[in-house]
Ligand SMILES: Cc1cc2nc3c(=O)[nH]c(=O)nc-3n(C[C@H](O)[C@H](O)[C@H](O)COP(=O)(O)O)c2cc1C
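What follows is one chain in structure tokens, specifically the form predicted alone.
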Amino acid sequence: MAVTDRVHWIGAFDPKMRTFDVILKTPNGTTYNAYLVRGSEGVAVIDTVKAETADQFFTRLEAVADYSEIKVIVLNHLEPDHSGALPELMRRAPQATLYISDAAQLMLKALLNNSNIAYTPVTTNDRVSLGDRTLRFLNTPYLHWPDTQCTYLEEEGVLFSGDVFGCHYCDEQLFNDSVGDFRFSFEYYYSHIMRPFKQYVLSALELIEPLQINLIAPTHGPILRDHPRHYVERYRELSTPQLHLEIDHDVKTMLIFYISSYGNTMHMAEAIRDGALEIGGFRISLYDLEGGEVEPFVDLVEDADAILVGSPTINGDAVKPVWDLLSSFAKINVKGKVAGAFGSYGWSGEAVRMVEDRLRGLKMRVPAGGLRIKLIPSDVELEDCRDYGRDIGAFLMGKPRAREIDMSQL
């Protein structure tokens, strides 16, 4: 299918796909988009398709070019749904040169189990000439794998964006002004694929926004030829931190989440908040997980600087609402945020250390050991909670307090 006079879509449809990468729902299936670019001195193939759909890819390729014409093969991203047909393509077009990003080199060998593949690594502003057409590369790591890059066809203003600006939506009309309403798929895809890498999205936009873009050709979903700049602007909106549009950038925030069976963990949370307030200089919010939905809380966590989580121990574990919250942290970037755990317990009190392990596993900073109190906190123990809040608050403000460490608690 012609995308422009010099660009053809040679991808594959997968309308029956219902779950992608185990976690992404795909009610409309998906497409594996691959493209062929014709220049006066040769042909380039940009990305391939999932191995199971390779027959579609080769049939469409053969309809618009001979294998002997292929001079260049570009893989913007090596995930198997884009590299599945690569080995067979290279066998059929052995004269072609493969171009991948620096970060893709080790992945290429591991994915294809072949250390004899010849390739050329490229980075931002490297170019390949097809005679009267030129491909320029943009290094855009972690969108959403480390190897990700975009390729820009300079003379036509076409951005082959890899997974960026894509979505799982299968419609044989292909173009965004011809397919059905795919807005929910576009937003869902961003939320699950790009959201944890917002800082990298913003870095990539610094390279993409200055380009003259007439058309965006992603590796999944509709080709964006109508108002392509809208999708770039939407990525900018989705990736920009929202809280600091309302408050000053230098104001830090602490969120304290808790759930409580008999009010004991709640009293701990309130005392921790009171202690942290004594440090001052940042905003504190206290939330009972029993009274809220996870998704809005995750939005708050994304913009916060410190997150404390309180849970009782029931049957040797933290309770389900706490795990629901913590499991949702994988959808956002929490690396480096200050964190802590606390909770009341009746018998053995495993929950606090389990929550701490999860926070550390997410590469959050846990400056103080978790605080556990058996059953109802006494006045002395509530003062311990306030002191815990002071410790976390001081660490958040870059003024950690000197503390005596009780080795028996380690």
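Keep in mind the model is a prediction, meaning the values are calculated, not measured. Numbering starts at 1 and follows the sequence shown.
Beyond what is shown, the protein has a form predicted together with the ligand; the following relates to that form.
Shown alone here, Asn264 lies within 4.5 Å of the ligand in the predicted complex, counting heavy atoms only. In the predicted complex, Pro218 stays away from the ligand, with no heavy atom inside 4.5 Å.
Though the partner is left out of this view, Tyr345 does reach within 4.5 Å of the ligand in the predicted complex, counting heavy atoms only. Within this chain, Gly84 is remote from the site of the ligand in the predicted complex, having no heavy atom within 4.5 Å. The chain is drawn here without the ligand; in the predicted complex, the stretch among 314-322, 328-336, 197-205, 160-168 whose residues come within 4.5 Å of it by any heavy atom is 314-322. The contact with the ligand in the predicted complex, taken as any heavy atom within 4.5 Å, belongs to Glu350 out of Glu69, Glu350, Glu52, Glu381. Note on the partner interface in the predicted complex: the residue among Ile284, Ile259, Leu135, Ile100 having a heavy atom within 4.5 angstroms of the ligand is Ile259.
Along 362-380, a single residue, Leu375, places a heavy atom within 4.5 Å of the ligand in the predicted complex.
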